[in-house]
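A single chain, nothing else alongside it, follows as structure tokens in the form predicted alone.
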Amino acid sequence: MSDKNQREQDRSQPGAAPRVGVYICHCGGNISDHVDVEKVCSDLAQTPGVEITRHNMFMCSDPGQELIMEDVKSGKVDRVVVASCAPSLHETTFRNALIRAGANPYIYEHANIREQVSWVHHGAAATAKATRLVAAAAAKAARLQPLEPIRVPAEPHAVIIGGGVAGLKAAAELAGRGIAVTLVEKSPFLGGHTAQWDHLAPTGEAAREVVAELAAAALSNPLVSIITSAEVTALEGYVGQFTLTVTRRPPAASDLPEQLPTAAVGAGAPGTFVPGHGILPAPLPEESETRRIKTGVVILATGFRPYTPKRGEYGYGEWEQVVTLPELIRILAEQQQQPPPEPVLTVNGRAVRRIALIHCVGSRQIPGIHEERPDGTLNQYCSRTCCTALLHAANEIRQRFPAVHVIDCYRDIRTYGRGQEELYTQAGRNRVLFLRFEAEDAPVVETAPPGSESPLQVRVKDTLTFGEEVQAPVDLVVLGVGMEPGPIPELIEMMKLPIGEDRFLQEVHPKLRPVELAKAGLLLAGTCQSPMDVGEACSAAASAAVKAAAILGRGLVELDPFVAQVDPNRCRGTGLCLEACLNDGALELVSCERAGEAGRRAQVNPALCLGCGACVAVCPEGAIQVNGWTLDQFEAMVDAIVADQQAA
């Protein structure tokens, strides 16, 4: 009998020992430069239960995956261990390879010997540790059982929170794929901050037209329902089966302009544009109402807010001649609508002859140099879009008001996107004067000395002229304020949303899962995630829409089966597991009959279970295990590590 036939016969026998295949990646030298991969292979080949050991320069490559698939198809192995980089990068890759080989994807175990070994150890120590980790993974793999994914029915509907450009783009994209959408916006208007601008940098497109086009695509689609003046006040359920409570209230007077179009207070065509506010999609509510919405996914497009300088920061709030860039944009837009007889820029009734622009206000803040907020935070990130916006404004001023001199005070200039570097070049041609300062020598805004025709003076140590101090009288100071995440503390608490050090919502992985949150079914779109320009926000929104459509398109959602499972014969219904559970609703006690008597036992909702194992640790009967991470698997891993150390 051939070896292959013998293996197939052995495999068919009840209780046949699993045959583990170990596959070790060189990672192009990332691993093999510090770990003796061939020695790890030879050592593991002597381990009971390990049938095959192989290594490859890039195990995640097509040839590397083919090695695994061929061994599985031929019956040489029925459990797989891959030792390579972090599982967050390629765990899905190798599970999919097993599926293509016709095997269960959950007979696979991963050993991280890059981040946990080769990047932190060298020489013999690295090889020894890699051997132990792979031996432990092989021991666990021998005890893995085929599992089936959890299948949850998916409501063919999406809720989008936020009606700025990202929310509108996501709504139109989803509706275009045949998925019903409810968009919830807290203000009465659509368009977010973009609707309050005049033109977009660097293209010069009218912001109003961009917002109107996005809003029209959403409003004209019957699959899109828009609820303005509303907030999400409760969230229940899980991916595919969320239930949101949405509360709509009459808007506050401060949220409305002095005059509203007729459509706002009565019948009228949807899509009325209110200058400085955005698109008014429907009449304003006259009283509060609450509704519950069932949905399959939730997209967060809650946007940003411009940084508000502290009183006295560069003179802001102390002199009326110090304004932020958004304020200047509104001034320029108003004067565009009602141009003066002469090309003279007027601010607060005063003609402006010289302007100073200051970059990085509220961005790139440095501990020890910039003052912290009361909560101890600083905006240490770059807001990315401010430089381009300031340069666009500088060029507009020089072209519309040629007599106005513009001084640009910057730390560094970031013009990173298509067409943005041209704005910088154009500003130079327009004779904008650039002065570069260091963070510790920020410009000083002060009252101009007696006799000056200008009310203010800016002092800057210009590093372009080797630290020479420049004193420039100015009539207006414009602060290039950065972006901050929108204030959504209630949503963060309600949905347990992860936030980064910059306080923006944080995706699972910037490259592999860039618009996904850790909680399945919650997605990100636009500037709630990081500073972006309008084009980037719309691209992110389209990505979120594609991801949402992929989740909902099949009518069901498949989740990994690594969740708690209760042995009903051992459970005595103590309730300790419910007390330890970290996710409300994941566990409950249900009535049952045991030995002819009424009792209780724990029951798991697999769609809500986190697979954390907190319940396992407290169960006195040992009645709960986590699929894929059972206690006997942990014990086998520990035994393998101890045995390897003793052998050494």
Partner chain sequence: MATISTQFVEELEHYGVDTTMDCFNCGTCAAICPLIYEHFPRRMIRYAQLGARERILEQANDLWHCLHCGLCTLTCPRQADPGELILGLRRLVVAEWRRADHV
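Since we're looking at a predicted model, the values are computed, not measured. Positions refer to the first chain, counted from 1.
One more form of this protein exists, namely the form predicted together with the partner chain; it is left out here, but the text below deals with it.
Peer 1: Looking at heavy atoms inside 4.5 Å, which stretch does the partner chain contact in the model of the complex, given the options 322-330, 486-494, 429-437, 564-572?
Peer 2: Correct option: 429-437.
Peer 1: Are all three of His405, Glu468 and Gln471 close to the partner chain in the model of the complex, meaning a heavy atom of each within 4.5 Å?
Peer 2: Result yes, every residue of the spot touches the partner chain.
Peer 1: Do Tyr424 and the partner chain share at least one heavy atom pair within 4.5 Å in the model of the complex?
Peer 2: Judged by the heavy-atom cut-off of 4.5 Å, Tyr424 is in contact with the partner chain in the model of the complex.
Peer 1: Can you work out whether Arg95 and the partner chain are in contact in the model of the complex, taking contact to mean some heavy atom pair no more than 4.5 Å apart?
Peer 2: Judged by the heavy-atom cut-off of 4.5 Å, Arg95 is well away from the partner chain in the model of the complex.
Peer 1: Could you tell me if Ala206 has a non-hydrogen atom within 4.5 Å of the partner chain in the model of the complex?
Peer 2: Close contact is absent here: in the model of the complex, Ala206 is far from the partner chain, nothing within 4.5 Å, heavy atoms only.
Peer 1: Just checking whether Arg459 would be counted as a contact of the partner chain in the model of the complex - the rule being heavy atoms within 4.5 angstroms.
Peer 2: Yes, Arg459 sits close enough to the partner chain in the model of the complex that at least one of its heavy atoms falls within 4.5 Å.
Peer 1: Ala234, Ala124, Leu464, Ile99: which sits within 4.5 Å of the partner chain in the model of the complex by any heavy atom?
Peer 2: Of the candidates Ala234, Ala124, Leu464, Ile99, Leu464 is the one lying within 4.5 Å of the partner chain in the model of the complex.
Peer 1: Exactly one residue in Arg177, His277, Arg354, His157 has a non-hydrogen atom within 4.5 Å of the partner chain in the model of the complex; which is it?
Peer 2: Only one option qualifies, and that one is Arg354.
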